[in-house]
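Only one chain comes next, encoded as structure tokens, the form predicted alone.
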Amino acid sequence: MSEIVQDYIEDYIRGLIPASNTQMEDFRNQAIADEIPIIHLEVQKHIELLIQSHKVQSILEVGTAVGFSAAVFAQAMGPQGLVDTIERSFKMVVQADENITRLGLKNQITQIIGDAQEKLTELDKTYDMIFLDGAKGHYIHLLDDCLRCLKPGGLLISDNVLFKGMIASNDLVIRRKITIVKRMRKYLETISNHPQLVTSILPLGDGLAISWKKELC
């Protein structure tokens, strides 16, 4: 459970979501069994809605893990959609490659191996959507390069931004997480007031920030 929404509400919402295909259901269940953090089901459906309603065809993801969300995005876009996904853990890269291959998505998903801050500075492409799901304390450090790589009219989606409620209440903050909390609060304040962005923060999953980059005048 997300810890920011009451369990009975979360259970009810998830109960309304139709099942995915068998492969993706098995993928989700295996990741949960292995205690791999993946996007919450209700977050997945909301992002699928955004991808399809905005006709997204190119996505940059920061934080591949085992490749679950990259696979979700590729399938939501259809066979012409492309995902570039950054991951620093070689163990995760190997597992993600196996999963992506098994799902027949190798031609849509490109893995970029390395530190996100370093790899983002090297990118000279632009994307319809960028999905941040890596180290929470570094979102603020990635923002400038994310905006450079995001097309006007594109979406910047940041996951887990309420961080088990700690971002919204000092009473919940764990001492060893103080630095992450401070950086995430700064990130949310920045994207909420950024002149290039229109941002909405939703209590969905563990907190989802959706930012739209304004069109060029």
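Remember, predicted model here, so these are calculated numbers, not experimental data. All residue numbers are counted from 1 along the displayed sequence.
The next section is about a form of this same protein that is not shown, the form predicted in complex with a small molecule.
Of the candidate stretches 51-59, 172-180, 149-157, 31-39, only 31-39 has residues whose heavy atoms lie within 4.5 Å of the small molecule in the predicted bound form.
Among T110, S89, T101, T121, the residue placing a heavy atom within 4.5 Å of the small molecule in the predicted bound form is S89. The single contact residue among A135, L105, L143, A76, judged by any heavy atom lying within 4.5 Å of the small molecule in the predicted bound form, is A135. The small molecule in the predicted bound form comes within 4.5 Å of no heavy atom belonging to I167.
Although the partner is absent here, F68 sits close enough that one of its heavy atoms falls within 4.5 Å of the small molecule in the predicted bound form. Within this chain, Y127 is remote from the site of the small molecule in the predicted bound form, having no heavy atom within 4.5 Å. The small molecule is not drawn, but in the predicted bound form it has no heavy atom within 4.5 Å of D97.
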